[in-house]
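This document opens with one chain alone, in structure tokens, the form predicted on its own.
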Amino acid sequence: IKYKKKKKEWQTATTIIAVEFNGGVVLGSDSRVSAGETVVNRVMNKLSLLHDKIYCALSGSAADAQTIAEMVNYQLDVHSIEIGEDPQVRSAATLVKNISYKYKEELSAHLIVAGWDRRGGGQVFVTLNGLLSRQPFAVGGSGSSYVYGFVDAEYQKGMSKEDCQQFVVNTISLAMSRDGSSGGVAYLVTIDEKGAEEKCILGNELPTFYDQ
């Protein structure tokens, strides 16, 4: 994530990922926030709570992405009170999509929405401008360019929760090692019927690969 500067739009600089497993989802992100060549925050959590069992992964302008997440969080709280139950993941993704499209000229942010609900189970949605698409897994941010081949080769349908967690950690670690705008620690959120479990993996605890 990068902060915006007057008369210059900072481009997406982060690594975010979400993947479905049978019964839930796993989200992950790095933690580096930069403005130009300067790292302004080494440990920002880019996995933002939208509701009890729904999270989003943030990329793009830090301020814009956080604003969208806060707006959706508020609207979902009101919506859940009105319907008397937890909102659906698709509802949260639709709200993100609508806000992103309505303010596409003013905002620079891309959010991946993922979570669990009793109707659809674990779900991952990609939202960008007017797009809303459910995917078995999704990656985003500048670091994603370095790992598309890895995730396409390593993802397998029907992976367990533990396999998905390791898949997410490996993807983030690889992206952080290649992308200068991704770094810091890795944040993970695992969501299932029981709720959400957050985890932070320090940089020296991340897996290393042959060239590291």
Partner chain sequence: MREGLKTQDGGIQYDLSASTFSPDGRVFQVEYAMKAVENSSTAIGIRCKDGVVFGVEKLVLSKLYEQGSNKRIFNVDRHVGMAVAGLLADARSLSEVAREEASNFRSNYGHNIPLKHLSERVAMYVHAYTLYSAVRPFGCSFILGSYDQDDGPQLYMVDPSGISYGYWGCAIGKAKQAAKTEIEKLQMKDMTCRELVKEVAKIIYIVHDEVKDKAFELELSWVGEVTNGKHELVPKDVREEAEKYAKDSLEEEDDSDEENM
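Residue numbers count along the first chain shown, from 1. Since the structure is predicted, the reported quantities are computational estimates derived from the model, not experimental observations.
If you look for the form predicted in complex with its partner chain, you will not find it shown, but the lines that follow are about it.
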Q: Quick one: from S108, S91, S142, N73, grab the residue that has a heavy atom within 4.5 Å of its partner chain in the predicted complex.
A: S91
Q. Within a 4.5 Å heavy atom cut-off, is Q135 in contact with its partner chain in the predicted complex?
A. no
Q: Classify L95 as contacting or not contacting its partner chain in the predicted complex by the rule of any non-hydrogen atom within 4.5 angstroms, answering yes or no.
A: yes
Q: Find out whether any non-hydrogen atom of I83 is located within 4.5 angstroms of its partner chain in the predicted complex, and reply yes or no.
A: yes
Q: Taking only heavy atoms into account, state which residues of 110-131 are within 4.5 Å of its partner chain in the predicted complex, ordered by sequence.
A: R118, R119
